[in-house]
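Below are two forms of the same protein chain, given as structure tokens: structure 1, then structure 2.
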Structure 1
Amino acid sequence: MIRKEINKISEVGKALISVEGNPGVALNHVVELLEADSGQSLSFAKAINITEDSTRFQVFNGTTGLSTRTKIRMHEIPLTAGFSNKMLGRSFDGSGEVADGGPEVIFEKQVSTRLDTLNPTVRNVPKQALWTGIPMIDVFNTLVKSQKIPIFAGPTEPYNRLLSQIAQGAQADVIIFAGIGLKFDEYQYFKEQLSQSGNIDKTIMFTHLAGDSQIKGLMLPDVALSVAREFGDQGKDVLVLLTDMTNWSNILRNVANYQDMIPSLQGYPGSLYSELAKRYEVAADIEGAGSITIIGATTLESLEDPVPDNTGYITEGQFFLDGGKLKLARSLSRLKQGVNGKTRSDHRAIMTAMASLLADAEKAFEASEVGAANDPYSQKLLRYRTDFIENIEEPFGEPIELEAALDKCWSILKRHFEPTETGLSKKLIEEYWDKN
């Protein structure tokens, strides 16, 4: 809700502005800066120092274009965001404003976007799987409700397509998509795929397109996660898909540079770890309520880049997309052991057996590169490796249930090996081998 507009700027620096007295803000309060004549929004600024005589604000994207005539608007955005159950099926921008050309949403309430730390005593131990319909995830690296996990991928990998695939098959009550720096066709693709899958009615899209205000891109995860928290408090299981967290971190770096903050590695602020952690730590299974699960696409050139490096210390594993495939050897869900023993009796065993055979197959492949691995068993392994890559590491296609995914695994083993070559127990062989 808008409070008032003032015009009391007394000094404009490189990244700071000063205002006479206290215009009615508290420390860390965010205000909007407006062009004096047209009222056009120019930027946002945060109160960083308040005395009896003056208040200093840190401008998010530099003071270029500002003057002592610039107006300051006091209001709640971006410290709060509107919330309504009628947001489902709709698209919004980084500040939570309707962005799909549809009718305005009448918000039921305003929710804080500060992402305050959740009391650890109300966090439940993760214990329920969140099925995605993707065999490589559901069978081999099961996603768990309340988990926080990134998708690591090179810039040219189809990571947004993978997020779309997850959204189509995810067994969640609410799906929140938050895209930073998207191309318009990426936004349209995601929306079309969700519409075709029937999941659009339980999805909310927050999008920041390339070329939009950097500040809205910076705000977007906080707005999306605050809305997710509200649904979680209603008892809903919420899946949040963030993309691309490297884009978001780059905006954070740009804003930090405008503010004359001392840079760290590759120009990122020293607070990069805590800023990423603040967002990922929203993931939780909340006592007496629902859950929030976060998957964050993170593009990289190297795992040693600051963004994936810091992300790896915060999150609980990773999905690694390489050559358009979800690579088993480079992916890990650290929470899977808490849930994959409660599914079908063969789940853990088939996961372990196929992973072990794939490791042997990779050794056979390396040997074949130098003209070795010509014996019959090595040839079996090589055929198995090809089959595994094409049918298990391939993440795209019609979502399938866990039972069907496990049956598919048995069929692959049966195509290439004798029962005694799989390492599976006699009991499981008798139960499942001839059924597939």
Structure 2
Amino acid sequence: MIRKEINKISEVGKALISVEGNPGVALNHVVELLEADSGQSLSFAKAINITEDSTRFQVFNGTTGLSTRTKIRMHEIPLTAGFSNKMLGRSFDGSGEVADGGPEVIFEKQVSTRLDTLNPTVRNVPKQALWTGIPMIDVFNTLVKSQKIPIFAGPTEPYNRLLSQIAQGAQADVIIFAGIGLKFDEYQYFKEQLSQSGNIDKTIMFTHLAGDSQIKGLMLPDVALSVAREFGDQGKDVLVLLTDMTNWSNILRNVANYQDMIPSLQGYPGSLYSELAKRYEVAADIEGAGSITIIGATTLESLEDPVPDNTGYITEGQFFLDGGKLKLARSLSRLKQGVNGKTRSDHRAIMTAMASLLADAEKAFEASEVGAANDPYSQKLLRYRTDFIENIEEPFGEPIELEAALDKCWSILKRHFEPTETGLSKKLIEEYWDKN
């Protein structure tokens, strides 16, 4: 097929180029940029804004080195991602090109990266727990297959360590790692962790390092999620790790800025919510097929920042990491009610009781800071709080089975409280109090 070529670049900016007139390219279709004299391929680009007078493109490899003489070759197809089972164990960049120096991958097929919405009627209601061996997750905020949930953490928190710990224990057929704006150390850390745990052969890594082309970082989740979705459609249970979605959102902000879009909050485009939702909503348990679970990382300075705030409204809860601990107060798994009623009879009740006592204990802690927690009950609460933080909010360490974790909860309650102080029903107290 002869592809149309044009040579009319009128504007080269950061990540974007424009051509004069209307070359006949369609929205979101891909073009290839060629060195004017040698015809050597420099980059691919995508049409994002078309008028009869000009057309604007996002350039995947960045615009450095492009000139007004650069040639544009039209491909007349929207962006796709290569798919093959041979991708397992390998590393790719944000546009799906091999990035580990290994041999080329022969793709079985090209899949659309448009991330069409799954018809809600073919979604199963999520009902299957994914056990992690971390009590704060298993007991208090059970992770469920097909859930979309981020880890909220300050930039210096060990969120990648937690992400990799969850991934190692996860019962998934395929792990898709999608790293955006990663530091090299983080990339290497994940690679080593996945190798050590023997999961590397079922993992595909898509990596965008800090400093790489912004557009490649921007498109990385779409490429990674399209590949994940293809595995899901083929009946596999897929776990996707997205880190760090704040980096991704910042790229989105930069590119929106280059496009002169009117910013809403803190410079982010008004579409931030929809853009994040489009990616996270890929998580699904598909009727008659497999499932896709997404665990993301969202770094933040404050929970009120637009990225964590919008994310919180999109995802099915969040794990909140602070001071190296998984904090109960701000963590939430919205899907836990679908699974924690079918475990041990005390599961839900002890979760509620301990949370409610911890909230009281936090109040007592605040009071104690101004010297106003001198009564015996406040003292009890303070001791309970310390115990809880050390033994339940600690995510790192030997994995604990659910039953053992529940027993541990009872023994903590018993160490500090009388049965009536727990708010637990008489029936449960009779059944469990003296057993632990």
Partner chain sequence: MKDINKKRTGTLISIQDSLVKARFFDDVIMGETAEISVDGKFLQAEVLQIQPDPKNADAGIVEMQVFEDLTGAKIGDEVVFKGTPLSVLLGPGLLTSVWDGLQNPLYKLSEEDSYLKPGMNAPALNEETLWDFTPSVKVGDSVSGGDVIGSVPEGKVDHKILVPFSFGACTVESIIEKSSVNITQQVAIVVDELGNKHELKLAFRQPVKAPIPFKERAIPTKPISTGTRVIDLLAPVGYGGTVGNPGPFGAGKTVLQHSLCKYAVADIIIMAACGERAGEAVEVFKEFAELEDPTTGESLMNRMCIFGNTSSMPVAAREASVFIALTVGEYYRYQGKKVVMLADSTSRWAQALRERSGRQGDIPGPEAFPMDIPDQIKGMYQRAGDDLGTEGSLTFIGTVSPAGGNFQEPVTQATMDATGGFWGLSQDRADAKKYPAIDPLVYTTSVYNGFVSWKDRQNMISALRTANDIDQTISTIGLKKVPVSNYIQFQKGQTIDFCVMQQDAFDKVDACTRPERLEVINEAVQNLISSNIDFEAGEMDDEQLKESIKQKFDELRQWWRDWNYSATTEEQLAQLPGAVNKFILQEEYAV
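Given the structure is predicted, the values throughout are model-derived calculations rather than measurements. Rigid core (definition): largest C-alpha set, two forms, superposition within 1.5 Å. The first residue in the sequence of structure 1 is number 1, and each one after it adds one.
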Original post:
Just one question: which structure is the form predicted together with the partner chain?
Top reply: 2
Original post:
Would the C-alpha of Ile292 be classed as shifted by 2 Å or more between the two structures after rigid-core alignment?
Top reply: no
Original post:
Does the distance between the two CA positions of Leu225 reach 2 Å or more between the two structures, the core being superposed?
Top reply: no
**OP:** Taking the rigid core as the superposition reference, indicate whether the CA of Asn250 shifts 2 angstroms or more between the two structures.
**Re:** no
Original post:
To one decimal place, what C-alpha displacement in Å is found for Ala47 between the two structures with the rigid core superposed?
Top reply: 3.6
Original post:
What is the Cα shift of Lys426 between the two structures once the core is superposed, in angstrom?
Top reply: 9.1
